[in-house]
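The chain below stands alone and is given as structure tokens, in the form predicted on its own.
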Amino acid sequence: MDKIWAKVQIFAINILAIVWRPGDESDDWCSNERSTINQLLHRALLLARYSSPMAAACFHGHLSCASSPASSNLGLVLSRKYKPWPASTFHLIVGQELVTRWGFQIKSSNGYPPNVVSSQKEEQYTEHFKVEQELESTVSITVVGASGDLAKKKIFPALFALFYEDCIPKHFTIFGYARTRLTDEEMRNMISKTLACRIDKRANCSDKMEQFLQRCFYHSGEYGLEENFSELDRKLKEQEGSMQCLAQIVGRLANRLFYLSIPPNIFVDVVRCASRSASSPTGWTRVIVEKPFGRDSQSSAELTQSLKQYLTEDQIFRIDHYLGKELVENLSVLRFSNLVFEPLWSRQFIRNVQLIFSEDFGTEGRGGYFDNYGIIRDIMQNHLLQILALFAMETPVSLAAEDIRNEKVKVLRSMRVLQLDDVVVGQYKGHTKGGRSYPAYVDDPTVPKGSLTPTFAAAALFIDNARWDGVPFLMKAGKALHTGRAEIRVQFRHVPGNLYKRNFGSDLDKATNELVIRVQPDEAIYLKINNKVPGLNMRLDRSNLNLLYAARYPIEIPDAYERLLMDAIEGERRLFIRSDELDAAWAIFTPVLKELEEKRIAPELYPYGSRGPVGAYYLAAKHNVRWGDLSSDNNS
């Protein structure tokens, strides 16, 4: 069978060699078809490299690029003797071009159409594509919405940080794409204002910055016009190297990553245009999608369905930047690699879990966007719920992306649908403090008058499984509060028959052990324990066993976007959200969101800079919980 397949390979290679005609650059036909033939020859090279020696020799015999400096190396590459690939891999490599240009009707053995971009099954063909890891490849990163705040403040600085740390592929190009008309130099000047080197690594900063900026280009166009993306594709190919000789394409795969830093209402238009007109013809094409992923279950499902008309699930990287935070990344390490914690991680020892997010500023001009979503959609349904799923999941089979995401989905599907009785909403009002006046939410000129959109919410959620049955998971998120922080608080149960309870009086909560994971600012992990105060009397005190990251690790902690961008380039999906995970998350919150809007429930007002509405205290008390961030001995 291998001999028969080798003959098929030789036949295909002969066809490619006959139509290629490398020396005739003046020929109109050659000029028009050269790029496509180069791509096919590149795939044929991969085929020959891992095929029989006879096919490799046949392919090498047709090459006429002797003048190229890489031609001698090419003979060595093709002379390697590898085990032939099966027919299904040949179909995947040759791709759609043979079908459309030569009429070959090829079907993949797995039943998928042989579309190089949308039918990639990267995980199924890991063994076949190990060759890609050996070969040098180009990566083109296109930031769609390049003139926006997110791109300027987060994405471009993160890409520069990866370049500075040598964590980005050697052959890379960055393109900005937006409607704003800019030249390459104008875009470089724009993003250079937000680039910065690591505090602990200042050497050659200006040189590195200049090298990075020379890799940055710009293309102006509409988000929904395919011809504009075709122009972008042409520019990408120029930078990737539109090779005029086979020796130039040996070992080069043109991979492309699109980052959609744009409003969700134009996601589908951009994906359609990019997929049809600017996908990579030889390598992978991936798309990073920013939240929000819809407004409820229905709109989220429609968005997913629309995206999957042009992309596979493996190509969609739904980003939640909180999953890239250092302390969130450390959550599974803390639990699964420390024997002291894992046995305690259940309803037997944990009384409640609190996930707290607060900002000490208001909408400040972003009210137009925020008013369409509110604090529950903006923070709770994604950031806090994702942290909850990581915290509560069972031990995964491995650290592979799908194993971790499978466990997160199990947690989300085990959660009760959130009820209105377990939710408190608030909205900040104007306040004067220290001679300074702070505006109300509705004073923001971008916010509609009389808006009922909550800027604060507290909720009690429950996981109905064997590990967490009956344990309340309390979430609290708000704007214009007294402090800015994000943290996880784990309050353990009271010690049964505590010998020292008389030293604490009637308030046993003061004797409760509490584990605090502070995500930001001043990243830290600390455990509150009871301790004897030195002296002759038996006096107890609550002390902290503290791991302050700034003291223990005197290096600058990478921004979350750096880790997530690097993972997307490497194809690591562990910190990105899968479609079924998204469906399960929306199923928890959609009913209460609809009820809040249909009943037009007015949020409780709280002063700008306060601790939030009083209703949050009553909600916690209802479930026999005291908010940990409000205690007098809080380590803040």
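Predicted model, so just to flag it, every value in this text is computed and none were measured. Note that residue numbering follows the sequence shown and begins at 1.
Another form exists, predicted together with ligand BG6; not displayed. Remarks below refer to it.
State the residue from 326, 359, 222, 422 whose non-hydrogen atoms include one within 4.5 Å of ligand BG6 in the model of the complex. Here the answer is residue option 359.
Though ligand BG6 is not shown, can you say which of 532, 366, 482, 467 has a heavy atom within 4.5 Å of it in the model of the complex? Going through each option in turn, the one that passes is 366.
So in the model of the complex, is ligand BG6 close enough to residue 520 to count as touching (4.5 Å, heavy atoms)? Yes, contact at 4.5 Å.
When the contact criterion is heavy atoms within 4.5 Å, does residue 322 count as touching ligand BG6 in the model of the complex? Residue 322: contacts ligand BG6 in the model of the complex.
How about residue 474 - does it come within 4.5 Å of ligand BG6 in the model of the complex, if we only consider non-hydrogen atoms? Looking in the model of the complex, residue contacts with ligand BG6 do not include residue 474, since no heavy atom lies within 4.5 Å.
Is residue 307 close enough to touch ligand BG6 in the model of the complex, meaning at least one heavy atom pair within 4.5 Å? No, no contact at 4.5 Å.
Per-stretch contact check against ligand BG6 in the model of the complex, the hit in 159-167, 374-382, 212-220, 273-281 (non-hydrogen atom, 4.5 angstroms): Only one stretch passes the 4.5 Å heavy-atom test: 374-382.
Residues in 262-296 close to ligand BG6 in the model of the complex, defined by a heavy atom within 4.5 Å, in order: Residue within 4.5 Å: 291, and no other.
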